[in-house]
Ligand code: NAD
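What follows is a single chain, given as structure tokens, in the form predicted on its own.
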Amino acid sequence: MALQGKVALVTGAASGIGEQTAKKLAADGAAVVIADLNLANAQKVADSIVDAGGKAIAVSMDVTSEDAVNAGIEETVAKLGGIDVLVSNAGVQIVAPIEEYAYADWKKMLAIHLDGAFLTTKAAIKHMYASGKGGSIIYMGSVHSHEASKLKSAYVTAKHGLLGLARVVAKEGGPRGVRANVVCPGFVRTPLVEKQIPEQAKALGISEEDVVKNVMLKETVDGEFTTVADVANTVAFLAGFESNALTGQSVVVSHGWFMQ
């Protein structure tokens, strides 16, 4: 019931974790904005939510463009009346040893993960303040917000950075009712992770089976992948948590890979 009548915007919501998160928020009563570079796919997700009895619209959004982010947020407010929940989820993965890591790829990774989180926060928080109702900002971090892995210099740097951003937003937004938290999944078997398996096998000189068993899931308590539903349920919990008792935190969803 906490999300009934709320407006939630999810970036990178045309597939994977973002799609499942948007569907969960809609099922819990929120009007959901499917924000994605791929507008056609975003519209399909929005249509599926509407067909299931929910409320959703799709907007085109390149999270690395301030103009595109501002336009998407303004469209959200114009069509749905405000914004109560922001889920900054858009992300990509590029793996390579640091001595071979292209600077252009480094900049791309930080732009999508960090610039995108900053720009969407900056645009959305103004409306959360103006409404007088506050809101919830949730960043999609990773176990790599706390841990490091080989071949992921840019990704680990970006995911660590989200912790700092969330804590500042929590400090600034708290007096005005805006909470900020980071959800930190372990490995979730999305297309993004599927793509990494052969890439890491090649880079590390091991089999794909060994990548899964001895790299990705080695530190879990049960050798299991985290599911998109696990992550979506955690986001929904944070989105509907209506006091500052839970803000500035990271919630790790990783089958025990990282414990804090």
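Remember, predicted model here, so these are calculated numbers, not experimental data. Numbers follow the displayed sequence, beginning with 1.
Just so it is clear, the following notes concern the form predicted together with ligand NAD, a form of the same protein that is not shown.
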Triple contact flag Ala26, Val85 and Arg179 to ligand NAD in the predicted complex, non-hydrogen atom at 4.5 angstroms: no
Residue (of Glu219, Asp62, Glu199, Asp230) lying close to ligand NAD in the predicted complex, criterion heavy atoms within 4.5 Å: Asp62
Ligand NAD isn't shown here, but in the predicted complex which of Ala203, Ile57, Val212, Leu37 has a heavy atom within 4.5 Å of it? Leu37
Interface membership of Tyr101, ligand NAD in the predicted complex, 4.5 Å heavy atom rule: no
Ala14: heavy atom within 4.5 Å of ligand NAD in the predicted complex? yes
Evaluate Val92 for contact with ligand NAD in the predicted complex, applying a 4.5 angstroms cut-off between non-hydrogen atoms, and reply yes or no. yes
How about Met140 - does it come within 4.5 Å of ligand NAD in the predicted complex, if we only consider non-hydrogen atoms? yes
Partner absent here, but in the predicted complex, which of 74 to 82, 170 to 178, 109 to 117, 123 to 131 has residues with a heavy atom within 4.5 Å of ligand NAD? 109 to 117
Residues in 153 to 191 with any heavy atom within 4.5 Å of ligand NAD in the predicted complex: Tyr155, Lys159, Pro185, Gly186, Phe187, Val188, Thr190, Pro191
